[in-house]
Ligand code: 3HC
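Heads up, the chain below is alone and in the form predicted on its own; it's given as structure tokens.
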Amino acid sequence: MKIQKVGVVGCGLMGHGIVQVAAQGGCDVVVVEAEQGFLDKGLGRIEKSVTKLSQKLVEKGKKTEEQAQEMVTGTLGRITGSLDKADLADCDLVVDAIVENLEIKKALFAELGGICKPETVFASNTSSFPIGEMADASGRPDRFVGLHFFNPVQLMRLVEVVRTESTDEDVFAAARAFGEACGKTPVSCKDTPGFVVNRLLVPYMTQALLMLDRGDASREDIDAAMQLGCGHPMGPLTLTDYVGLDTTLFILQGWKERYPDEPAFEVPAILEKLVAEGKLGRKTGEGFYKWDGDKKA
């Protein structure tokens, strides 16, 4: 099977990026939002993003001005906005990019199961929830995958393609091919907590926070050790500020509830304390560090 028409539910931070890369990859895309204001904001982001990208390609000598304009026009011309989920009925693939709430996602896929054609493949962009639970809720577990893109979607080159025990082989192959059409490198994995990236990354961040909790080293020295000793672009505490302390806590608490005997999913006390104080990282101006925009204050 080949994916030619794509639906995306949600045009926010992740959704607008998925819409853009799918359209750039040659797919017709229908994006559905709950309110016109949200839809307009998301579509505006896409127009700004694809215009900026096309101009960078001109600056690098990879496109002429005429080719850049054709890229913008062609990409935007393949995107249709809607407030009605019924417009997703004939899509080959529908991707969820809504709020990270499992019950809301399950309800969405149950609804989509009654709207979309039987051949439609469903996918969730979740970073932490079990794909299998949403697959069961959809009523078509054999046609369900995880497609976890990374922020910012337009620039990050990876997509995790997640399969369950029920996922059909052709569906999985089509999902990987779609990831490639979007300009991404797909990595395959089973339906495990956090898939590949977060299963490795979040416990790594957690261990750094536990070191800070115990007083083993200062935040600056922990970050410098991993940045200079392992060649990481930033240390784990800076990274947690970028990800968001509330987001990190949300993921860990969910895993701890589901897998209480897994020691890698311990919740650091300092993380709970800072979140309770409203210090969520870069987005609030303070987390493990103080921030002025994108720079440490």
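These numbers were taken from a predicted model, which means no experiment stands behind them. For every residue, the number given is its place in the sequence shown, counted from 1.
What comes next is about the form predicted together with 3-hydroxybutanoyl-coenzyme A (3HC), which is not displayed.
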Whether Asn198, Tyr242 and Lys295 all lie within 4.5 angstroms of 3-hydroxybutanoyl-coenzyme A (3HC) in the predicted complex by heavy atom: yes
Do Gly74 and 3-hydroxybutanoyl-coenzyme A (3HC) come within 4.5 Å of each other in the predicted complex, heavy atoms counted? no
Is Lys56 close to 3-hydroxybutanoyl-coenzyme A (3HC) in the predicted complex, meaning a heavy atom pair under 4.5 Å apart or at it? yes
So in the predicted complex, is 3-hydroxybutanoyl-coenzyme A (3HC) close enough to Val267 to count as touching (4.5 Å, heavy atoms)? no
With the cut-off set at 4.5 Å between non-hydrogen atoms, does Ser127 touch 3-hydroxybutanoyl-coenzyme A (3HC) in the predicted complex? yes
Where does 3-hydroxybutanoyl-coenzyme A (3HC) sit in the predicted complex: which of 252-260, 28-36, 62-70, 233-241, heavy atoms within 4.5 Å? 233-241
Contact assignment for 3-hydroxybutanoyl-coenzyme A (3HC) in the predicted complex, among Leu155, Val187, Ala224, Leu83, heavy atom within 4.5 Å: Leu155
May I ask you to list the residues of 29-55 that have any heavy atom within 4.5 angstroms of 3-hydroxybutanoyl-coenzyme A (3HC) in the predicted complex, in sequence order? Ser49, Lys52, Leu53
